[in-house]
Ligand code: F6P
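Next up: just one chain, as structure tokens, the form predicted on its own.
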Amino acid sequence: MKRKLVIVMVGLPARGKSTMARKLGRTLEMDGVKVRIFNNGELRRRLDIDADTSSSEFFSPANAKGVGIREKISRMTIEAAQSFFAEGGEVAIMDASNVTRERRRTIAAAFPDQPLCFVECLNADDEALEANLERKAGLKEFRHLTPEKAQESFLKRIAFYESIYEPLDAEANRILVDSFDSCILQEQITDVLPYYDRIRDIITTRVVRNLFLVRHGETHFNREDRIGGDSDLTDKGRDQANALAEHFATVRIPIIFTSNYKRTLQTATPIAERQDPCSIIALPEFNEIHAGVCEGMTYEEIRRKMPHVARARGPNKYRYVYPDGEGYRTMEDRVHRGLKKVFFLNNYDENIMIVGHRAVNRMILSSFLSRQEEEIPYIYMPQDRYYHIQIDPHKRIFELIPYRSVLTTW
């Protein structure tokens, strides 16, 4: 006998519901479960509706026409899920805000023979939420608006949802999730739910479809063996960036994450120009180690002018902190926070690219490879290759891949 379950997503817009729904759906599908996601927003955008459904006023509780259309869309997705079960489906994921108890009771009444599990997504991280709102404002449905007007419209839409928001409280089976930290805050399970152990594992496990971890191209400081700074790319570095753009021209990359430094932005720009569309999001968490009093110096100058620094750093590079600066250990928390932002802002089924720095990329890679801390400062991080990382519950892939182009002469 097939085990059937309805997963009902709950939460305000831009809180990571759809990303979580895709993560749940894709992983269960890989387990051999017949699963399908029913997304109200996608259906709304596909339908030929006599209304501007991207307008914030469409979502006003006082807009009777908008309320009627949204209720109709909800009924359509429910009917589609019922048909899915009738055809042998096992798990239906209802992906919508579902912020009122009335809406949730309607869904429950539509599936009297299947257990329901409600998953409410929260995000208390203001920076991540702000970045996600900026990205949402760039969606196709807002293309007719300026970025400022689009964000204003989306914020007003959220305010309408907030005005009627009723958190989970009476539902028999409910899970409260922090979608930024991928952790379960609360859970109340009354029934014996199929797939429940797997669902908890999926919610709390980082799953990576494809992550391309790239080091920026050669800079003038690289050529001079200087550390830190905000140097531009050399001609060779620009050739490397163009080679990367050519290499990834046929690979869909919707977002490239960089640091705030010019060398990562200059490397990312030609790659983004070959994508349509592609956003570049600069995260300060991915800035390179700040070398304090040693910023801009060569290693030879440090050995000659500050021999005490060279001696102190040698025995344990991971725990060493530059005077008035940072070290691997002290930047660990911010780099991991940057990674959380990346996975929160990226849709689960999309490819990810990070263009970073040697030390930062070592920290990122080590979080997937579980390297010992004393090994991290020595992880190989070349400028003519990139790391490809893929992680799901069934396998882990780590590849160091070279790239070449007719532009390169080195």
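For clarity, every value in this text was computed on a predicted model and none was experimentally measured. Sequential numbering from 1, following the sequence displayed.
One more form of this protein exists, namely the form predicted together with 6-O-phosphono-beta-D-fructofuranose (F6P); it is left out here, but the text below deals with it.
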query: In the predicted bound form, the one of 161, 196, 299, 320 near 6-O-phosphono-beta-D-fructofuranose (F6P) [non-hydrogen atom within 4.5 angstroms]; finding: 299
query: Interface residue in the predicted bound form among 341, 70, 358, 26, criterion: non-hydrogen atom within 4.5 angstroms of 6-O-phosphono-beta-D-fructofuranose (F6P); finding: 358
query: Exercise: residue 288 in contact with 6-O-phosphono-beta-D-fructofuranose (F6P) in the predicted bound form, heavy atom 4.5 Å; finding: yes
query: 6-O-phosphono-beta-D-fructofuranose (F6P) contact in the predicted bound form: residue 377, any heavy atom under 4.5 Å; finding: yes
query: is_contact(residue 228, 6-O-phosphono-beta-D-fructofuranose (F6P)) in the predicted bound form, heavy atom dist at most 4.5 Å; finding: yes
query: 6-O-phosphono-beta-D-fructofuranose (F6P) contact in the predicted bound form: residue 222, any heavy atom under 4.5 Å; finding: yes
query: Which of 232 to 240, 288 to 296, 112 to 120, 270 to 278 lines the interface with 6-O-phosphono-beta-D-fructofuranose (F6P) in the predicted bound form (heavy atom within 4.5 Å); finding: 288 to 296
query: Site check 104, 136 and 165: each within 4.5 Å of 6-O-phosphono-beta-D-fructofuranose (F6P) in the predicted bound form by heavy atom; finding: no
query: Partner contacts in the predicted bound form for 201 to 216 (non-hydrogen atom within 4.5 angstroms of 6-O-phosphono-beta-D-fructofuranose (F6P)); finding: 215
